[in-house]
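Shown below, as structure tokens, is a lone chain in the form predicted on its own; questions about how it binds or moves come after it.
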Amino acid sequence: MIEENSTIVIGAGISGSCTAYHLNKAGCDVTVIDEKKEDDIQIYSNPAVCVYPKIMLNDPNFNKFMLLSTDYVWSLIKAIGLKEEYTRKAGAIHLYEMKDGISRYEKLIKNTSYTSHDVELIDQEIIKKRFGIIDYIGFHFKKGGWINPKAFCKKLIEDKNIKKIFSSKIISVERIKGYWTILTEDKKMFTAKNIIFCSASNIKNYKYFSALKLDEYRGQVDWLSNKKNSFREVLSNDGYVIPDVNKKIIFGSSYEKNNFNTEPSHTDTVNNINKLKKLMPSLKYSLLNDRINNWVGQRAASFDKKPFVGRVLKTRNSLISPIKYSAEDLDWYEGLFINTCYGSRGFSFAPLASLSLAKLITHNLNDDDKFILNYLNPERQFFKKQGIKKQGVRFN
């Protein structure tokens, strides 16, 4: 018998793991399916990812979403009991040339919901003294830090009530008699009331998402051993460095659109080393002769670099009226959801966005959830073209 609250989550990366965790907490029957072996999931090989608050001075909704998300990441880490060796709320400092930085900081405090409790300005003398970097000031985001992807994702789905199916490639997804049925390459069949696609590599294969525009970016991160560190904060400007991850310095990152090469690139390593030298000028260059390790991954991003989280339209009526409209008047695929295309911000954004998605599925939305799902609605480009978005109509 198929449970009415049954849900299949496709993909066991950060968005899939967070979605499965939240749905399980809400009492749903959850099955996670991933085509990779459990320890071969791509992001698992990256020793640390940034939780990195950033700003967009012309987009107050982005800043609100960022603040809500970074608050929630650390509360979730505490709730699941992730060990200290796998995460650190060390803060994150973004460097600016002095004149530009001061102007941006004034606008940040004046025009956004950021306050001095969230971010503080570090003057050039302190930056020079602490980091050896000359003629720069810093924005110190107090809720920045890093997480070990493998430890975090595995902890999220460790509950025995979450069924986990690895090494199982999906070959078909069909809706039959009110339920979603999945067939895998190894002839396994799964059926559920709801299905959530949390892997960008999967959504490209299905007609349901053909209207959604996305690109994939090859990214390379490098790291080397270092037992002595003068600071712990994440530093960034052109690239970033996480200086103290279990006696490793992690630095990068390269990005190249629609390059699907999975092998480490010497050119990218050299470029990442140059970024490292700018952010840690006092680092002994002899360390750079040591063996450097690499991680290469594909990160999908939407047309506007914001994730796709929510429902997907079955038909797109070109005669939609912007004057009066309800989300329920639209022709959505029933029980079909998407939660992907986070780019490099998955570990900052996916925990909270996945919670809002789980609450949409379980009919338990609050005002913040509605804001998040409206902001990240997968059909936002279509709504904009229809002129609906300008009317302030909400779709969740």
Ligand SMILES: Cc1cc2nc3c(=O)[nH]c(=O)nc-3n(C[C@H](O)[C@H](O)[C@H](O)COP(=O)(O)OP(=O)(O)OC[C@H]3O[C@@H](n4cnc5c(N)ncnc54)[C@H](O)[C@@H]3O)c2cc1C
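Residue numbers run from 1 along the displayed sequence. Treat the numbers as computed from the prediction; the structure is a model and nothing was measured.
The form predicted in complex with the named molecule is left out here; the points below concern that form.
Looking at the named molecule in the predicted complex, residues 170, 199 and 221 each place a heavy atom within 4.5 Å of it. Out of the listed residues 54, 64, 36, 370, 36 is the one that sits within 4.5 Å of the named molecule in the predicted complex by at least one heavy atom. Residue-level contacts in the predicted complex: of 72, 139, 190, 240, one residue has a heavy atom within 4.5 Å of the named molecule, and it is 240. Taking non-hydrogen atoms only, residue 295 approaches the named molecule to within 4.5 angstroms in the predicted complex. Residue contact check for residue 346: one or more of its heavy atoms lie within 4.5 Å of the named molecule in the predicted complex. Interface residue remark: residue 302 is not counted as part of the site for the named molecule in the predicted complex, having no heavy atom within 4.5 Å.
Mapping the unseen interface onto this chain, residue 41 counts among the residues with a heavy atom inside 4.5 Å of the named molecule in the predicted complex. Stretch-level contact analysis of 335 to 343, 358 to 366, 22 to 30, 56 to 64 against the named molecule in the predicted complex, using heavy atoms and a 4.5 Å limit, identifies 335 to 343.
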